[in-house]
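Below sits a lone chain in structure tokens, taken as the form predicted on its own.
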Amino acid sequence: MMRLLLSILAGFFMISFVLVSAIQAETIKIPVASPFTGPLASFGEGVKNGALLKADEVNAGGGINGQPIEIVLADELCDPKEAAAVATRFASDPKVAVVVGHLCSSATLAALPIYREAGLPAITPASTNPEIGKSSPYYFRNVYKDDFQGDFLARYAKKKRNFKKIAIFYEVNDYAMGLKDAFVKQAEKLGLRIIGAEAYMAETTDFKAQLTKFKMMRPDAIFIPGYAPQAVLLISQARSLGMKCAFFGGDGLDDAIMLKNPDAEGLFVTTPFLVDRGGAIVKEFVERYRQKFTIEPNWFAANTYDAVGLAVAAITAAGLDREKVRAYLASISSIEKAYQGVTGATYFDENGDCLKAAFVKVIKNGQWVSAEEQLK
């Protein structure tokens, strides 16, 4: 009888140990929403890599209070309908306390009301449309806004490049139109002459008619607020028409596919992250990234790495309670409280927006390099 009782007790304790271990080992989900397939998959690759690298480092250090984190990747193609579907799935999962995403502003704006209704905090590493922060107390970002980026580009074009006449090709989406409007506003203040602006859709492949019109006006430069897949075509078609002007754009043109086009030599863009503008923490990040993925990190990787870091810090401090996570992120409201990451110090204003620097990079000899002249 005693042996039977001891066996029962031993079995009970074993089951209890297994159950406790299972609970302790349960992963903490951190969803990451981005385009992982489609025309902007190269952007999503950086997002995925940055997230997975940060997760590996967190888990190697014991996870969050002993629980490993799991990056849940969701491919939303930078498409508003797909983004809304992804957001609905995350919002309905009670184990999700914070989302990292989305990438394109149009996707973020589509997901935003769903997260707001569910009280689910989100951190976008890349969406720059100015309306995002104003529209929800649950959305945060660790990247500059387009009103800042557009203003910066106009001042750089005027003060560092001495452009006088500029033509604009902009894609019809929330990111590109917000960037274009901010640029034009500041350009007019500076006395830059905008000789015309042409809109195009994401599916556009032929720009020759509009380019022929602009060729007659002899612009000093063409500004392209949009994404790289169309910009690379536009630039080649302009060169085929004999246009000698310069080309520049925002961070949506910061893509490795531009390097495969010899016509893009000299293209300059704004970017929130430059390796040579960081210190030891950046060099260490780049080295770890190279070792794991055998490629250079782009700014999407760096910003996502920090966004996941912010999510981890919030869950560590507040647990999986969505309201407490939101309150924690909102409390990072000054330089003294800032999250220190590879993209610098991140802290938020009352709209969840942050103040981050912009830099300029240029294609030189087929490689992205830091522009010799940076705007202070």
Partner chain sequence: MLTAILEQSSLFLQQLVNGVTLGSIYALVAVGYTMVYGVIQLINFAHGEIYMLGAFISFSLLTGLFGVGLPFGLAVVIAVLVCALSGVLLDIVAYRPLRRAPRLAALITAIGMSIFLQNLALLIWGGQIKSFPRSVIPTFFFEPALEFGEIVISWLQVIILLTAIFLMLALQLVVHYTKIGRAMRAIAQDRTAASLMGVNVDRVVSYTFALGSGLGGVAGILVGLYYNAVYPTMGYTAGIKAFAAAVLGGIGSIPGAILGGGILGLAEVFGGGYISSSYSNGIAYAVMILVILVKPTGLFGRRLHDKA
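Numbering follows the first chain given and starts at 1. Everything numeric in this text was worked out from a predicted model, so none of it was measured.
Form predicted in complex with the partner chain: not shown, discussed below.
*Asks:* The partner chain in the predicted bound form: within 4.5 Å of a heavy atom of each of 119, 137 and 338?
*Replies:* Heavy-atom distance to the partner chain in the predicted bound form: none of the three under 4.5 Å.
*Asks:* Please name which of the stretches 319 to 327, 345 to 353, 35 to 43, 55 to 63 has residues with heavy atoms lying within 4.5 Å of the partner chain in the predicted bound form.
*Replies:* After filtering at 4.5 Å, what remains is 35 to 43.
*Asks:* Is residue 262 part of the interface with the partner chain in the predicted bound form - any heavy atom within 4.5 Å?
*Replies:* Yes, residue 262 sits close enough to the partner chain in the predicted bound form that at least one of its heavy atoms falls within 4.5 Å.
*Asks:* So, residue 158 and the partner chain: in the predicted bound form, are they within 4.5 Å at any heavy atom pair?
*Replies:* Output for residue 158 is no: heavy atoms all beyond 4.5 Å of the partner chain.
*Asks:* With a 4.5 Å heavy atom cut-off, would you call residue 198 a contact of the partner chain in the predicted bound form?
*Replies:* Heavy-atom contact with the partner chain at 4.5 Å: present for residue 198.
*Asks:* Does at least one non-hydrogen atom of residue 210 fall within 4.5 angstroms of the partner chain in the predicted bound form?
*Replies:* Residue 210 belongs to the contact set for the partner chain.
*Asks:* Identify, from the list 241, 275, 295, 281, the residue with a heavy atom within 4.5 Å of the partner chain in the predicted bound form.
*Replies:* The residue from 241, 275, 295, 281 that makes the contact is 241.
*Asks:* Identify which of 206, 181, 188, 93 has a heavy atom within 4.5 Å of the partner chain in the predicted bound form; exactly one of them does.
*Replies:* Contact residue from the list: 206.
*Asks:* So which residues in 207 to 236, when you check the partner chain in the predicted bound form, have a heavy atom no farther than 4.5 Å from it?
*Replies:* Counting only heavy atoms within 4.5 Å of the partner chain in the predicted bound form, the contacting residues of 207 to 236 are 208, 209, 210, 212, 213, 215, 216, 218, 229, 233, 236.
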